[in-house]
Ligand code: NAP
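The form predicted on its own is given below as one chain in C-alpha cells.
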Amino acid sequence: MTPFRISFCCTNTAPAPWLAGLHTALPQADIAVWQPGALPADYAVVWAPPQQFFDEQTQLKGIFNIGAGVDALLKLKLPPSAAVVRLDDAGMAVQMAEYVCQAVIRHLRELDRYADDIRAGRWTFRKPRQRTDFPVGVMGLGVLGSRVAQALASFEFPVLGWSRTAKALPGVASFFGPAQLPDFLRQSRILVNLLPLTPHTANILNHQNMSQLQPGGYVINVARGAHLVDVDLLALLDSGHLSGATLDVFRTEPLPADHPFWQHPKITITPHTSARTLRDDSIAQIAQKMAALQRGETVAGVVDVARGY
C-alpha cells in the first residue's frame, strides 16, 4: 500500500496511546500530532479540532471523528474533498443499551424512591408496575438507537421507534417522518432520544412534543443537550404531566453549578457518560476504514454533510 500521512488533532485527548495504536495498525503511515504549520496530511483523526486545522489541511481525503456525534464538527468549514467518517459503533452501542435499560428499569421499578426510603431508614413496599403500562419510544434508529430498542424489547417492554425513514426491527413498532411523530409520541410513556443533532432535530424535545407523551411520561436524553428545551422540561415536570427525566447531555457542559437540573427532585443527571469512546476498538475501526479508503474502496459511516449525519 502506498505510504500516507495522518494528522492527529483531538482536543483534551492524550495522544500517545492513540498514536501507538495507529502506528501498530498502520505501520506504513506517517502519523503525527498536528501543530500549526505542520506538513499536509492525507487523513485526519479529530475531536473538537480548531478551524485553523482545516484552514491549513485543505488537501485531506478523509476526516475520522473519534466520537459518535459529528454535529460540532459539521459547524466548521471543512475541505470539500474530504469524506467525514464517523464511528459506526466501536463499543458504544452496548454501553448505550446498558445505560438506557438501567434508566428505564430504574423508573419502572421505582428504585429511586426505594433508595430515598433506605437512606431514611424506612423498609417499604410498592405494588409492582406492569411493563405493558410503560411503552418506550426510541427516537433515532441508527446503530445506537437500534441496539437500544432491541435491548429494551428483550426486557419485554412495548417498544416503538421513530426515525427519518422507515426501519424494520424485530419487536419494535416503526414510525417515521414528521407526519407519524404525533402518533409515536401519544403511544409512548417513556421517551428515549438518540437522534443526531441537525437543524431539523434541534429543540425537538419541546413542550409541544413532550406534552403528547402519556400522563406520567418520562424523558431520557442521551443524544445532545440542544435537543432539549430545558424550561419546557421543567414546566412539564412541575405540572405533573411528566414524572421524571434522566439526562446525560446538556446545552452547556459541564452543567453550570446554578442550573436548576442539579437540584430538581425528579431529574437524574450524569456527566455525558452514557457511551464513551473505547480507544482500542476505535483505533481498529479507523485503521480498517482508512486503509480501505487508501485502496480506493467505499466504507460505512461516511456522513452526508448536507443531511448532518
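Just so it is clear, the structure is predicted and the values come from calculations on it, not from any experiment. In case it trips you up, residue 1 is the first one in the sequence shown, and so on.
Missing here is the form predicted together with the named molecule; even so, the following discussion is about that form.
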Contact residue in the predicted bound form, chosen from H207, H200, R186, R122 - any heavy atom within 4.5 Å of the named molecule: H200
Among L242, A275, L60, I31, just one has a heavy atom within 4.5 Å of the named molecule in the predicted bound form, namely A275
Counting any heavy atom within 4.5 Å as contact, can you tell me which stretch out of 50-58, 243-251, 279-287, 22-30 lines the named molecule in the predicted bound form? 243-251
Going by a heavy atom distance of 4.5 Å, is M92 a contact of the named molecule in the predicted bound form? yes
Mark A68 yes when one of its heavy atoms lies within 4.5 Å of a heavy atom of the named molecule in the predicted bound form, and no otherwise. yes
May I ask you to state whether L195 is within 4.5 Å of the named molecule in the predicted bound form, using heavy atom distances? yes
Taking 4.5 angstroms as the cut-off for heavy atoms, does P135 touch the named molecule in the predicted bound form? no
Residue by residue through 285-304, tell me which have a non-hydrogen atom within 4.5 angstroms of the named molecule in the predicted bound form. none
